[in-house]
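One chain comes next, on its own, written as structure tokens: the form predicted alone.
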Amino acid sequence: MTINRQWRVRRYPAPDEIIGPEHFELTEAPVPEIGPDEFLVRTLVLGTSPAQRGYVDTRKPDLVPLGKVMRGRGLGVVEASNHPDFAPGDWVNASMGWQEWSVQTLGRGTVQSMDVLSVQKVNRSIRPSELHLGTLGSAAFAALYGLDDLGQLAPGKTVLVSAAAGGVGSMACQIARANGCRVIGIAGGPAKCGWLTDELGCDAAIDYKNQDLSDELPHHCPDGVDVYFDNVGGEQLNQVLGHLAFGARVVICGYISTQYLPERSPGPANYTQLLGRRARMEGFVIWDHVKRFPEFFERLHGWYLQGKIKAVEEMSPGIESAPDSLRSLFTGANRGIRLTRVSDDPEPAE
């Protein structure tokens, strides 16, 4: 009998506790049977996102109950099907949970305020499969939408990216470069900063752990920051607001530095610079733009084929590593888009 290994929520982390393996339990169950209009999916790759910390945050409304399989999207292959629109061998992107096998059906769900299909087919000729969750996935879509639609990129603009060595940030740096911008990344530690300049093509990188932003920003951005793509919030955002160019755009994608603090943090004192510099600050959630995902995919895939952007997936091996993958996002151990490889890609069809 084939076994389905699953990570279930054992206990909820305290507000000031870093999430990790101690909050989950790896269990075994039989591979489920499928019913009418259902199909069985074998998980290939699981995505990892800071948002998953919110699924076990007792202050959040969509809490995963104790003892239930941890939530998470992934990419898998259909192994058996009773659904007319899905056949064995199809690749799908779906909410699979932290498990090796899942039963899916083509339902609809609400993501933010949008009614969307719960399962989407992906092009299995584009390999390896992790590209669909990484360089050509939602993190990259967030970077593209935020920079293009809200940041209004133009060649020659100075673009500053926080958490630049992370999933969204590493794609934002490359997308800005592909659009002819001058790019400065903010990251923690010389290794990450070297990766940004040597591998991803950033013009410069600021090591916030060992360098003072108040000194580095005037040096690297003497005319101010035209577009700030922010994933961090907190004091980094406050300092950048004090160094904006005239007509700058501040794009708020995340605020990881304060998002899970026990107490609400104060807002930036330098927000008045938005008035003086005639600047705009706007936040977004990429899931409000699901209908544009095919457009984003095509643009990113074109740049990928042209060599203008590089794959930035960082893979953890085996379902066993899923909790450590999530933990790494909060300890600074990750680089690029962190994913968990659950099983091997099927061989290409002849």
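As the structure is a computational prediction, the values presented were derived from the model and not from experiment. Each residue number is its position in the shown sequence, starting from 1.
Below, we turn to the form predicted together with a small molecule, even though it does not appear here.
- The small molecule is not shown here, but in the predicted bound form it comes within 4.5 Å of a heavy atom of Lys192.
- The small molecule in the predicted bound form comes within 4.5 Å of a heavy atom belonging to Gln236.
- Within 4.5 Å of any heavy atom of the small molecule in the predicted bound form lies no heavy atom of Gly201.
- At least one heavy atom of Gly188 is located within 4.5 Å of the small molecule in the predicted bound form.
- Residue-level contacts in the predicted bound form: of Gly254, Pro268, Gly97, Gly76, one residue has a heavy atom within 4.5 Å of the small molecule, and it is Gly254.
- Scanning Asn179, Gln273, Gln120, Gln259 against the small molecule in the predicted bound form with a 4.5 Å heavy atom cut-off leaves one residue, Gln259.
- For the marked spot (Gly151, Val240 and Lys308), a heavy atom within 4.5 Å of the small molecule in the predicted bound form is absent from each of the three residues.
- None of 227-235, 84-92, 274-282, 126-134 except one has non-hydrogen atoms within 4.5 angstroms of the small molecule in the predicted bound form; the exception is 227-235.
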